[in-house]
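Below you'll find only one chain, the form predicted on its own, shown as structure tokens.
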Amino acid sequence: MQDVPPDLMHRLRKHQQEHVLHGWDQLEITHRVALVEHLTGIDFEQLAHLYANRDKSQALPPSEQIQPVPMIAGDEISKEATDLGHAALAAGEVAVLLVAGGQGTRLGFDLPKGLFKIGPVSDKSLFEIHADKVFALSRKYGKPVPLLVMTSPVTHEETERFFQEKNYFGLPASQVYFFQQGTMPALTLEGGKLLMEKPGSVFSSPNGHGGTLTALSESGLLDKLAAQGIKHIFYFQVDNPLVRLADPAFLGEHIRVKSQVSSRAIDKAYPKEKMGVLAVVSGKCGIIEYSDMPDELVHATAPDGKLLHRAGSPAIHLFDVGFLKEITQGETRLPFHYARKKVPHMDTTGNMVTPSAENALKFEMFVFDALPMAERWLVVESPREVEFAPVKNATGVDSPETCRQALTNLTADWAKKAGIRVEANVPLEVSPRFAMDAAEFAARVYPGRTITEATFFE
């Protein structure tokens, strides 16, 4: 075909993927260029290997090889370890990675989820609450804490524009880094063919939350951060405004034991709560998807009556930068998982097809696959009420209502500890710029007052 680069044509023929050029002659020049760029970036050898191994089992080992994960409680961490965390922040050795590739579809919100307003009094967005925490950390320790914002092709432009319009929430623009999660083409279940969305457009989808780590490396940002002296990256998700960013105790214990990857854990609220479970799998720390956990282990209890496998994962991790380099490059990079899905597509005659059954393989990397790669790891338990209140659903569990209540409850707890009386059902909120913990809060308020109306401490 005219204007198709010969080397690309050779690769397409070699892998029997020439059908992606259907309608080439009718494409405008800009669409041809875009298609060539996309196809040139596809690793056809990798796709062929993935397809050839599509039926290999990725099942869990027998239940007897799955043990409860050993944990340390956050309040058991020594002062000496906490001081190491303070020192690392003061030395400018810590960056925070905000995973923000999704839209708020389940919330009935068609924009990037980070734009969703969640402050119970301030009405601040998730992005602003997290940015305020980064601002407060940077101010407290006198060193800029780089904010790494991972987006996706569907959220990138709107996310960048939002930060620009809000003047980066008071952060220097040079302190905020945006990078996009990678994508992967899907293949047909029968024959391993690329699927087309429309003429000149190959169907691709996000390559999983593990793609955050590989994108950090492939974008060159990981090397740039290492050159700046960053040694530790704190990983968290945009939908959890309660997360304690780079908590010095957690960070310090991570440093003290020379952990390659450290994870937060919270008590599962009930056996079948929809969250991953931290466990020791065949001698390695890992996370098991709630849907994959054997039923007998889901309901198993310890002698104290608590769930045996109670270590729920709120998707909060600390990574050693050197370890991230190891698991995102070459033969040791994160593996792909397979998902069979229904994918609407254009057939070889140019007609759109809406499948009634699974017709495609999607490929995703999971961030929790990094954990078993670590020789040295750590799990630190944290109370749910101070660490985890995600916004996932429009109503019910993990909804805006429950999240705003959790933010109010945390502020009320700090206020009561500081000697302030709070009347029932009063919305409360504290800006991270005002205080990042109960001690800071108590140092900035006067005891003895009574709060009777909605209050925002800022």
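Keep in mind that what you see is a predicted model, and the values were worked out from it rather than measured. All residue numbers are counted from 1 along the displayed sequence. For the two forms, the rigid core is made up of the largest set of C-alpha atoms that agree within 1.5 Å on superposition.
One more form of this protein, predicted in complex with a small molecule, exists but is not displayed; see below.
- Proximity of K113, N207 and Q237 to the small molecule in the predicted complex is complete: all three residues have a non-hydrogen atom within 4.5 angstroms.
- At a distance threshold of 4.5 angstroms between non-hydrogen atoms, K392 is in contact with the small molecule in the predicted complex.
- Taking non-hydrogen atoms only, M150 approaches the small molecule to within 4.5 angstroms in the predicted complex.
- When the small molecule is considered in the predicted complex, K231 lies well away from it, no heavy atom lying within 4.5 Å.
- Among residues of the shown chain, K143 is not one whose heavy atoms approach the small molecule to within 4.5 Å in the predicted complex.
- Stretch 100 to 108 is the answer when you ask which of 271 to 279, 221 to 229, 380 to 388, 100 to 108 has residues with heavy atoms within 4.5 Å of the small molecule in the predicted complex.
- Checked against the small molecule in the predicted complex, the residues T159, S313, Q181, S262 give one hit for a heavy atom within 4.5 Å, which is Q181.
- After superposition on the rigid core, the Cα of F363 moves by 2 Å or more between the shown form and the other one.
- Positional change of K341 between the shown form and the other one reaches 2 Å or more at the C-alpha, relative to the superposed core.
- In the core-superposed comparison between the shown form and the other one, the C-alpha atom of S204 has shifted by at least 2 angstroms.
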